[in-house]
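For reference, the chain that follows is the form predicted on its own, supplied as structure tokens.
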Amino acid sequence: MSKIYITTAIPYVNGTPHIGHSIDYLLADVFYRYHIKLGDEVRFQSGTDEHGNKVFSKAKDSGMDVRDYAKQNSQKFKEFISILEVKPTDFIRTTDEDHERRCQEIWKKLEKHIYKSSYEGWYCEGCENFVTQKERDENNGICPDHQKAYQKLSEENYYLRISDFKDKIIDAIESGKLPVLPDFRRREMLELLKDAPDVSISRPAKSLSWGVPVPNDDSQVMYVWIDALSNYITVLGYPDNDISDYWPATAQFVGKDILRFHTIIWPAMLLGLGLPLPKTICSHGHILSNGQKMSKSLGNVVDPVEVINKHGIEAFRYYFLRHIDTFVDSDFTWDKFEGAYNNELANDLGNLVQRLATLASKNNIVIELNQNKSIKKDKEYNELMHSFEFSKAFNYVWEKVQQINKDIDEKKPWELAKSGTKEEVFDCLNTLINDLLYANALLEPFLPGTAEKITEIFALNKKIIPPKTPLFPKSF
């Protein structure tokens, strides 16, 4: 048994949960459930990022006290995680008193790598990020993610001396000591690191009042990224407690848009604290809608809760874990979603379960479990899961489901029941059901609700009763 620690990026509470957040949670949840199934002891973090100007501005626009606003929206994310049937062991809010105090202790531990200096340059409030003149020019003065002009700022801030750590971070990534997935993102980050400047880690309190105060300097407030990134270790109790049982994290799941912060600022912080770097940083792409980036102005935003309410969480998990590539941008359309539901979930799996349960019931089959099959022995499946190739692992499992359908059509157990012996009928159906139960075990991290139902239908040592309604009724 191993001790595993899995993290997700914590979203800002200036908005409601969207389809992009679901990918972060689902990928981490698959990895969590997989390791639980292997018998490992797992901690799984999630939470909300509640400081910064964006949150303060939204609260003001809403006519709410900022703390009440942050609490209300944090609860929305907790509820969304629950709707996805994702079950983190830890949920942190960056407004938690313990987190804020621990952030200040972290700042003090980093002080020899921190200096104060004046800054004049460009800033994006949407990203909560300063950009270089080069980056500003390449984007023609407009943030590509938020479609707003960069602000020109002139202020005095504290800086983290990235130059103290740059060579070590580059070496860690190049040598594989800090794996960054996928590989093309790893190469992008190495290019960024070559020119990475020292990073502003505070803002004047007059410009940013909603945040964690800098220790011994009330005129400055911690830059939101220092506050947010610290959550991965403060939730474990750092620096009050020894966190070596779970740190370094086994896997940190982040979107491609915030990967730079996790491969520059975060490793620098960890090195400055004398803590080991994460074992893997796994970056996923964005979800497109009809081939375009989702945008309110284009009217193509997909509401995840709407999808779940219409078609159920298992259909949602199926599409977004199998048909959305783990690493690259992937497309969602209602036609694709409904085609996957009807032709794959309902037909390949739902119909398979119904056929086998009906045949087993008619022939009074009580299953004898094949003890030779084990997840731990499935080399290809485990390699895909350990390399975070979840969409490929899902495809691997689905090929097994499709193969069982082919085997039924070839073996024709309904004909064997008319002409064969009871032993022949039993052997045929018992083999097919064991194959299904094995595929179901591999499927469990992806579709836990479906896997539970299939296990109940084909429970050992009892008569099999076909479900009264299909697992996935065709309703579109």
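What you see is a predicted model, and the numbers here were worked out from it, not measured in a lab. Note that residue numbering follows the sequence shown and begins at 1.
One more form of this protein exists, namely the form predicted in complex with a small molecule; it is left out here, but the text below deals with it.
Within 4.5 Å of the small molecule in the predicted bound form, a heavy atom is found for all three of I10, H18 and N231. Contact annotation: the small molecule lies within 4.5 Å of heavy atoms from the stretch 253-261 in the predicted bound form, the single such stretch among 103-111, 341-349, 253-261, 135-143. Checking G285, G272, G121, P248 against the small molecule in the predicted bound form, a heavy atom within 4.5 Å turns up for just one residue: G285. In terms of contact with the small molecule in the predicted bound form, the residue from W225, F388, F165, Y158 that brings a heavy atom within 4.5 Å is W225. Taking non-hydrogen atoms only, I23 approaches the small molecule to within 4.5 angstroms in the predicted bound form. When contacts are judged by a 4.5 Å heavy atom cut-off, D49 counts as touching the small molecule in the predicted bound form.
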